[in-house]
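In structure tokens, the next block holds one chain alone, the form predicted on its own.
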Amino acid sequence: MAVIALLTDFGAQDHYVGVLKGVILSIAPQAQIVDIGHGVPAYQWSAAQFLLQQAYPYFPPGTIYVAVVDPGVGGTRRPIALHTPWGYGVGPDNGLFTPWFPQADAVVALTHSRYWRTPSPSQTFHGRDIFAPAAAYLAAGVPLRELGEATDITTLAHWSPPPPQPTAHGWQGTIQYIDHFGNLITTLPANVISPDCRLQVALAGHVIPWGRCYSDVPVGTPVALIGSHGYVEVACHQGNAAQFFNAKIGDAVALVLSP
């Protein structure tokens, strides 16, 4: 039974997510559909890239991932599908799948209209008319190469967050994602931390103490720690760090290492 995992910025209020599932089940009724989430901030495909990277290691091999955060829908960006050792990715060619490119062994542009929902797809809802059908046909056993023209990975849109930079006193990074709790997830990985150093994080003119878990500080107090994702995170114990610091994705964050 094929697993199809959905990740979108469609939210829960409208009909869009339900329509994706209806299209998939109309083509592949035995498919098992799982929601990674539909609360990606609108148009922020870079946030979707982060969430996809966090999710896919926990799914069974062969899962088909439909990631639709697509501000360029109907424009010049291509709809694509790719195969990797852990499964398939289906979505827009806007950089969302960049971390998968080094291990992808096949990529197609979804150009074969017989595998679309209709030969005349909506220019505002490729999720319904192109991406969901492509995923469903893959789940039904149609080979990837049948869905469209083989495409060179080097021609695809590539994007990665700026890597952390060393400084005189530690590392400089940015906020790459803000979760539902307002936790600020940075681009600073755990492996830049020396176990023999005293740690602090600087953000928006504030110096934030280091902790092991959220409850290391009083309720309402900021704390910096390593989150479950393996990156330095700025949180607020039972509060909202994004609101506390008026922070947004892309803001600079410094990790200060003191002997």
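Sequential numbering from 1, following the sequence displayed. Every value quoted in this text rests on a predicted model; they were computed, and no experiment measured them.
Unshown form predicted in complex with another copy of the chain; subsequent notes refer to it.
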| item | value |
| --- | --- |
| 4.5 angstroms heavy atom contact with another copy of the chain in the predicted bound form for residue 247 | no |
| Proximity of residue 180 to another copy of the chain in the predicted bound form, heavy atoms at 4.5 Å | yes |
| In the predicted bound form, residue 251 touching another copy of the chain (heavy atom, 4.5 Å) | no |
| Any non-hydrogen atom of residue 30 within 4.5 angstroms of another copy of the chain in the predicted bound form | yes |
| Candidate stretches 164 to 172, 147 to 155, 180 to 188, 87 to 95 - the one whose heavy atoms come within 4.5 Å of another copy of the chain in the predicted bound form | 180 to 188 |
| Residues in 39 to 66 close to another copy of the chain in the predicted bound form, defined by a heavy atom within 4.5 Å, in order | 39, 40, 42, 43, 51, 54, 55, 58, 59, 60 |
